[in-house]
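The chain below stands alone and is given in structure tokens; this is the form predicted on its own.
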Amino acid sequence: MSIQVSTPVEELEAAELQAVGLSAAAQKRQDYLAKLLNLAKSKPLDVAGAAWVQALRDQAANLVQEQMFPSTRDEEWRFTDLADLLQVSLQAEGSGAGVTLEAIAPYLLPEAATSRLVFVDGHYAPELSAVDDLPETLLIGNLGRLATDARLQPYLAKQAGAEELFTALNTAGMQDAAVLFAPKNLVVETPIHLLFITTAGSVAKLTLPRTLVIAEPQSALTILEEYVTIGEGTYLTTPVSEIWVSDNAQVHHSRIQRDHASAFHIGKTAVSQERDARYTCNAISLGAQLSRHHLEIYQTGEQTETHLNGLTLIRDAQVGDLHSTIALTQPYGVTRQLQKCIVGDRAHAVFNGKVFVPKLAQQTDAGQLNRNLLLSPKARVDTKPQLEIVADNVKCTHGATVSQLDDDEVFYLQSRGIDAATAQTLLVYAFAYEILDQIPVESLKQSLSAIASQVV
């Protein structure tokens, strides 16, 4: 006669966790990741007749399952803690219905009145979009309508770094995407506005915006990619933008993130540059409780030119994180990166910029600078510029500065009849304007400048 003794569930779980080397905290993160993946996979694919897109989703889901949810013990995440996100119970996103032109009027740009694509909660909104006056040869629209175009298949979800956790999560739940395809020799003078709207409310939702931009040889595009919120509430958005710049093509890209103050924003911009390609990115981060932007540049041809201008403007208890990678694998590349952070109250800014220059990339000219302005004794910045150089005939520099408002400069302005508060505002605005001045659309530049003027 044998006697079986039952083991409490808690003890059994602890034993199993110990057997695979996971702590209870790690298991909690893995459970959360599993819920995120199930939520992403539950989103229906809004792309008819495109089995190849579903295959991409399935492959990405497998990549997510093989990974661990990040923690501060991971080197790439040691300055950015996702513990608050783990407390958010996410649900399926809304349908995107009910948003009117009047509701999004504050975000519309007169310079792009007839050149915009609007997505609401991840769904394309044709009634809010307008692309009538763009060149007929420009392929523009949403993936749901354009997926049968064979020209897109070599590009979608094919950028380097596609296996990164949140990038793969986006692909696993991809429903639709904004698509721009500029054929050879097409120069589009009109800026194109890609407006991604999240409707916030009592339900915390997951949104997975996607953008695919392809500029064929000798083409040129100006893109304004913007993330905004209607309503109030917590949500997680994980946008991914893939930009392909072919031989001697040019893309001028401005990325504006101004999500709701209680949102979580973890995004990726991956750019491939072929020979003589020119790419400029102006990345402005203003909103979200926690925002992180992975900006990755992959050089695949000689003599590329890259300009990265960034501004993180945060206060209260916000976290703003920029992780950039510039992989210069061919000779004669030129890059310039200037990342500025303005940090107030108890906010926390993070900059981790990597520049890789292998032996093949001779005659590379790369400059990287991170400048930080702290407006409060409790404000914090972690900065980590990095150069990894193997080539022996290059010109590469990097640096970082952390400072506060200069009392002498404030006093000087006061001596000219300006009160202390206005003097501080002017100095902060001047610090930010070097980046804001790069925005190619005047109305957007003015609205962002107004926000920068109110930070003190």
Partner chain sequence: MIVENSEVILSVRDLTADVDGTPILKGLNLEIKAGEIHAIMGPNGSGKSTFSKVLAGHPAYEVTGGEVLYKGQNLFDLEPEERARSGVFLAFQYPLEIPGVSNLDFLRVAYNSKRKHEGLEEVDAFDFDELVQQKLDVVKMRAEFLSRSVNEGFSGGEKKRNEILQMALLEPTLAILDETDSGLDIDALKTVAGGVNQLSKPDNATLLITHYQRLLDYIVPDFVHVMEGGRILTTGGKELALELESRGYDWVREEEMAEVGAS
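What you are looking at is a predicted structure, and each value in this text was computed from that prediction instead of being measured. Positions refer to the first chain, counted from 1.
Just so you know, the form predicted in complex with the partner chain exists too; it's not on screen, but the next bit is about it.
J.: Pick from 22-30, 419-427, 39-47, 62-70: which stretch has a heavy atom within 4.5 Å of the partner chain in the predicted bound form?
T.: Among the candidates, contact is made by 419-427.
J.: Considering non-hydrogen atoms and a 4.5 Å limit, which listed residue (Gln414, Thr401, Thr397, Gln404) is close to the partner chain in the predicted bound form?
T.: The residue in contact is Gln414.
J.: Wondering, does Glu409 line up within 4.5 Å of the partner chain in the predicted bound form on heavy atoms?
T.: Because a heavy atom of Glu409 falls inside 4.5 Å of the partner chain in the predicted bound form, the answer is yes.
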